[in-house]
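Below, in structure tokens: the form predicted alone, a single chain.
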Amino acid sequence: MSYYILDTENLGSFLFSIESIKEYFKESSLDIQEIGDGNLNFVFIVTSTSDKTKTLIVKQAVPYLRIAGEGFALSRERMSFEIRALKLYNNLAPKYVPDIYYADEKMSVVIMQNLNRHIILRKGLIQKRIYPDFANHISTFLAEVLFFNSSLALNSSEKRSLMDRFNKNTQLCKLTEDFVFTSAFMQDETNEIELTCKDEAKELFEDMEFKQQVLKLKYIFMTQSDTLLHGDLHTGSIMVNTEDTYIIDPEFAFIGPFGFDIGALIANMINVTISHYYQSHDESYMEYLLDVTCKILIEFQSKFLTLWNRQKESALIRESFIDDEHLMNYKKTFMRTIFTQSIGFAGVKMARRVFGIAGVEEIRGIKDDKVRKQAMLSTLRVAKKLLLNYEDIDNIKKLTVAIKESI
């Protein structure tokens, strides 16, 4: 099938041209709504008018960056990487990703389960909701996906085959290199700098020690091929209720450093903690958020190590190559590096949201100008603290102290 852009007018006929989807809806008339509020793609909710329980999500990539408009060309191939990542996730951690009903790389489209009993995690946390199993769910997902797609579990040919399938996601990697590690820390037309923050932005752009640390992490991002990453694992890419956690939107999927996805998630958890410090002033909820943040890191490390200890051979290690004592020392150092790099990436991710493109709702969405500025500058303080000291922040206690002191 030749590619064409789907809309509310032609989507129905497209869906009924797919036998399995036609059977799913039983040729009922369809209610179609375009709901996409993301930066990249178009998303539709499709529901049977005769049976409201029959509902699906349709997501299509178009040949430009949605947030910037048709003048910003962007390859549709990003949807191919999302489809491939979702299929891998369904094999490794099916409890934490939506069911896929149909996918077509040529049409850059995926049809999946409508998570209509769930809410975007970001919105739930802004509303001070409690998710008792979230830390357990997300740490399990991270441990399983990051471990089993790495050279710690795969053999050499399997790992290189995986790299071949994802290493061409060059445009979205370049977007990350530009918007996460570069443009947000210099004068650039894509930045969103409020008039009251011009002096602070100028100070950040002239902070060469800060930029030196950013370059260290950017180089790690560009060169360290540890495992398959989601690539954009923030609280807007997770849907939850009190029972379930689902990971969505892995169009940025690529082979990169272990700590990047972890750091992105931790950054968002700290962002919403800062938001509540300046808005709700709810100390018990802030403690809950910090507790969840710490649990994610602690449980990830424990689960990742458990998986690794069960693995006898991989591309990295052959059985009987090294004795148990020295192998455990190696693993300890390895896990420390994942932890510290995660903290560094969290710092970059937080800092880039302050003045860069695509700020987060919990900070940029604060309506009171004075409070918003306070939250933005507090975010920047925490980000700098983490980024400048990440190689020494190697345990939970140091992390919580750094966060609380900086807020």
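Position 1 is the first residue in the sequence shown; the rest follow in order. Quick caveat: nothing in here was measured; it's all calculated off a predicted structure.
FYI, the form predicted in complex with another copy of the chain isn't displayed, but the following is about it.
In the predicted complex, none of the heavy atoms of K87 sits within 4.5 Å of a heavy atom of another copy of the chain. In the predicted complex, another copy of the chain sits within 4.5 Å of a heavy atom belonging to K174.
Among residues of the shown chain, V214 is one whose heavy atoms approach another copy of the chain to within 4.5 Å in the predicted complex. Remark: Y102 does not count among the residues lining another copy of the chain in the predicted complex, judged by a heavy atom distance of 4.5 Å or less. Note on contacts: among H137, K159, H234, H276, the single residue with a heavy atom within 4.5 Å of another copy of the chain in the predicted complex is K159. Taking D199, E209, D291, E192 one by one, only a single residue has any non-hydrogen atom within 4.5 Å of another copy of the chain in the predicted complex, and it is E209. Contact annotation for the candidate site: L121, T245 and L305 all lie away from another copy of the chain in the predicted complex (no heavy atom within 4.5 Å). Partner proximity in the predicted complex, defined as non-hydrogen atoms within 4.5 angstroms of another copy of the chain, places exactly one of 129 to 137, 292 to 300, 234 to 242, 308 to 316 at the interface: 308 to 316. Looking at 308 to 331, the residues that come within 4.5 Å of another copy of the chain in the predicted complex, counting any heavy atom, are A315, L316, I317, R318, E319, S320, F321, I322, D323, H326, L327, N329, Y330.
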